[in-house]
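Next up is one chain by itself, shown in structure tokens, the form predicted alone.
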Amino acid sequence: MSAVDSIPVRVAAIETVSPFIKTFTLEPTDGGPLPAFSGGSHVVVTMQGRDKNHRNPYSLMSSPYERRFYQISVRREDDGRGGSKFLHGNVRVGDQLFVSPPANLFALNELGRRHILIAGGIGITPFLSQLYELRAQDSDYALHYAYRRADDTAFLDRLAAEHGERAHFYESSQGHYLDPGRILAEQPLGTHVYVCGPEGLIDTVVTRARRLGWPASHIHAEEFAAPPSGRPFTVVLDKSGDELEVGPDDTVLDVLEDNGYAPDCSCRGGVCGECETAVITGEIEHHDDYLSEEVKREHSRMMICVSRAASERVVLDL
């Protein structure tokens, strides 16, 4: 996201919905309507800290039919890279943040005859905007929401009230577990499944769906994985000759943006392919879910939002 296409927003409200989750309502500072979006979209939120800027993707959970504000819900991750902790601990009502235009890598399939939504924990957030669309279109759908404890989980009462028998809840601390195989085996032809949550849940749903013969085009998954930390390295930009240091908790993308560059990017989680960059020299420690295993072995391309250098230096075609 460059400074040109970033949207300044004001924090209009902050609601604590569980001990670890807060909902932030963001309004445009110019008072005009925000860009339109569809259910499942996300924005990248830029938070300007004293010593470091944080840029994190968050799913939009507000109604796609409401453009006066956006809403995001953020779970505080104490072991993360600092963005969620900054939002929870430093951001106040009235503060200014910046968001990217919405992007959607997790849209509902308009041709689906039935839609099965499977959420784990904070993975419920992209489904909240999708549920507005499903209800408005009188679609055939069901929500399956798995979580550890009710007192540490958001939106249960709201979902139960708004969706009735279409909403199914699984509280593992009470011995209630979601069974993806059973859910998927019961669906009619033309059904699409969508899953968002922990990596283990996503892997299980996708694997079970494939074993049951579901077409790949009917299986949809979204996961925003935090880029891993690692040892520092130097990134060299071949076209300009600039040499930039990437710290243990930085990404190449972060460092480029902090130095005035504006590479193409969208998900910041290694899944969309927007930030794919050619590697001239150096070895890469790949952490994305986009590049093929063959390309990864060649060390010829790099997703600069999540991957790191395995060598002390890497030269990029930038």
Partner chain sequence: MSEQATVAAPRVKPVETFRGDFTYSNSPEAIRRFPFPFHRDDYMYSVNIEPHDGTPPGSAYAPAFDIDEHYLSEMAERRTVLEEDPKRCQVLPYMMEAQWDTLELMMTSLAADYPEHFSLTRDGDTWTWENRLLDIRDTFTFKDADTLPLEPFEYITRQVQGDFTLHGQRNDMLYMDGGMVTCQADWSLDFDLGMNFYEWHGPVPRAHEMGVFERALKYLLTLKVGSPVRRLNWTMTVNPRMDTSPENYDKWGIDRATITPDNVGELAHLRVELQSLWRLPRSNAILFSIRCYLISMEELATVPKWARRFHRVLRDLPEDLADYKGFIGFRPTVLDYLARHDDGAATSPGGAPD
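Here the structure is a predicted model, which means the values were calculated and not measured. Positions refer to the first chain, counted from 1.
FYI, the form predicted together with its partner chain isn't displayed, but the following is about it.
> Tell me, yes or no, whether Asp254 is in contact with its partner chain in the model of the complex, where a contact means a heavy atom of each within 4.5 Å.
No - in the model of the complex, heavy atoms of Asp254 and its partner chain never come within 4.5 Å of each other.
> Does Pro101 reach its partner chain in the model of the complex if we count a contact as any heavy atom within 4.5 Å?
Residue-level check for Pro101: yes, a contact with its partner chain.
> Wondering, does Glu285 line up within 4.5 Å of its partner chain in the model of the complex on heavy atoms?
Flag for Glu285 set to no.
> Do Arg67 and its partner chain share at least one heavy atom pair within 4.5 Å in the model of the complex?
Close contact exists here: in the model of the complex, Arg67 approaches its partner chain to within 4.5 Å, heavy atoms only.
> Considering its partner chain in the model of the complex, which of Ala150, Leu244, Ala226, Ala107 comes within 4.5 Å of it through any heavy atom?
Going through each option in turn, the one that passes is Ala107.
> Out of Met47, Val279, Cys272, Met61, which one falls within 4.5 Å of its partner chain in the model of the complex, going by heavy atoms?
Going through each option in turn, the one that passes is Cys272.
> Each of Val11, Phe20 and Asn90 having a non-hydrogen atom within 4.5 Å of its partner chain in the model of the complex: is that the case here?
Verified in the model of the complex; spot residues all out of contact, no.
> Tell me, please, which stretch of 22-30, 48-56, 263-271, 245-253 lies within 4.5 angstroms of its partner chain in the model of the complex when heavy atoms are compared?
It is 263-271 that comes within 4.5 Å of the partner.
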